[in-house]
Ligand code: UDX
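Form predicted alone, single chain, as structure tokens, below.
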Amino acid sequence: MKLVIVGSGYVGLVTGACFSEFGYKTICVDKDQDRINQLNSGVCPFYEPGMEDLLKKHLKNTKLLSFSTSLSESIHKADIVFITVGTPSRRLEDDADLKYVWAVAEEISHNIKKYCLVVTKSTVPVGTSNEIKRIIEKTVPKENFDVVSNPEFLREGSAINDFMRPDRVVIGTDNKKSENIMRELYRPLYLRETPIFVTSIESSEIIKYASNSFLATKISFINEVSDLCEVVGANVQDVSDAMGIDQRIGPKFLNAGPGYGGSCFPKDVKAFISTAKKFDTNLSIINAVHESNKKRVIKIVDKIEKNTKKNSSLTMLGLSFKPNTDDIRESTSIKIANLLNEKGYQIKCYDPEAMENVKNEKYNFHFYNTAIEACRDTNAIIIGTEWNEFRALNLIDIGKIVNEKIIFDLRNIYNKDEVIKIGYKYYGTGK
């Protein structure tokens, strides 16, 4: 099978590279000429472990992967076309902005010359795939195409493994022909006994939003429990560990912290709420999750402000929304740092991968090349992202160069008693 991936952002590039690893001839299309030039030289435009190795392997060795700016030329012999363009939140509303999806659907409709399966992999509200079908069938005979929903469940920082060893593959379809094609596409996963879950198109679209919203709910739930733990003297890590042993609950996403961020959860939660409103349905629990997450950052800023000197220097370690990525979209670390800066604090910061992305946003932060440099002459250290290199900081040596030995461990990566023993004031989350 020959595949075309429309959109060479995070989802598109991971999808294209991994399908090449499966042995399929794959073309990734993007209108951004600079990005295509960068990719053709084997350079990944974002940080994702293992991605550059896949690019080099399939660009130069197998030649299964290629990049182009022309959809019309690429789609000519394609068996399957994936739509992987962005669906950001609208500026004034919370629903997903589908203008890129509609534009791609329109362009696809003018370039299908033989039977082609159009697959929606972008995260889209229910009804989107059927609208794509309506757009295409204005120009293309119904027998020459089908539309399928195939949501992605990739975690930044472990996306390649998630694609190659997924928990499940969801296929939303309305006929047996397209189902069989998709089953054949994912046949390499059968050896790993990956569950292939076939549903209606509408169910498939809802599965992605419901999954992300439920994970966001677990995060917000344990964060609110951590607030209670701090007040009564309990330890939220003990609480979450005991809860997680219950197989009905599970341990994942029960780590208390500064709230969820990134490119998916914030926009998907908002879009899910907005979609429900359009169908006169109130997702009250999900709405409460969204409101709780917005307030989370403010609570943490208030806590830091209460326990530090006014207008002093603070060090933020970690700027990406999670470790093993340079993605800073909706990063809670940056939100916290920016609010503190607006309150008069000087912000010194360091991140292993996300520094350049933050610098491009023109925040009033001071940037350093190492964690040690960022901690010098600071009045408090804030652990904002749980990068591995922050788990083993030499706090004894750092204690000799700071103005005050204060740590706000937003991710609970340190043992409270050990840190206090070497002379620090320690403020964990939910402790």
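None of these values were measured; they are calculated from a predicted model. Numbering starts at 1 and follows the sequence shown.
Another form exists, predicted together with this ligand; not displayed. Remarks below refer to it.
F253 is the sole member of F253, F221, F163, Y186 with a non-hydrogen atom lying within 4.5 angstroms of this ligand in the predicted complex. With the partner omitted here, the residue from Y350, F265, F145, Y345 that has a non-hydrogen atom within 4.5 angstroms of this ligand in the predicted complex is F265.
In short, of 75-83, 336-344, 213-221, 113-121 it is 213-221 that has heavy atoms within 4.5 Å of this ligand in the predicted complex. The shortest heavy atom separation between K303 and this ligand in the predicted complex exceeds 4.5 Å.
This ligand in the predicted complex comes within 4.5 Å of no heavy atom belonging to K270. Among heavy atoms of L71, none comes within 4.5 Å of this ligand in the predicted complex. Although the partner is absent here, P125 lies well away from this ligand in the predicted complex, with no heavy atom inside 4.5 Å. Residues F321, K322 are the members of 317-335 with a non-hydrogen atom no more than 4.5 angstroms from this ligand in the predicted complex.
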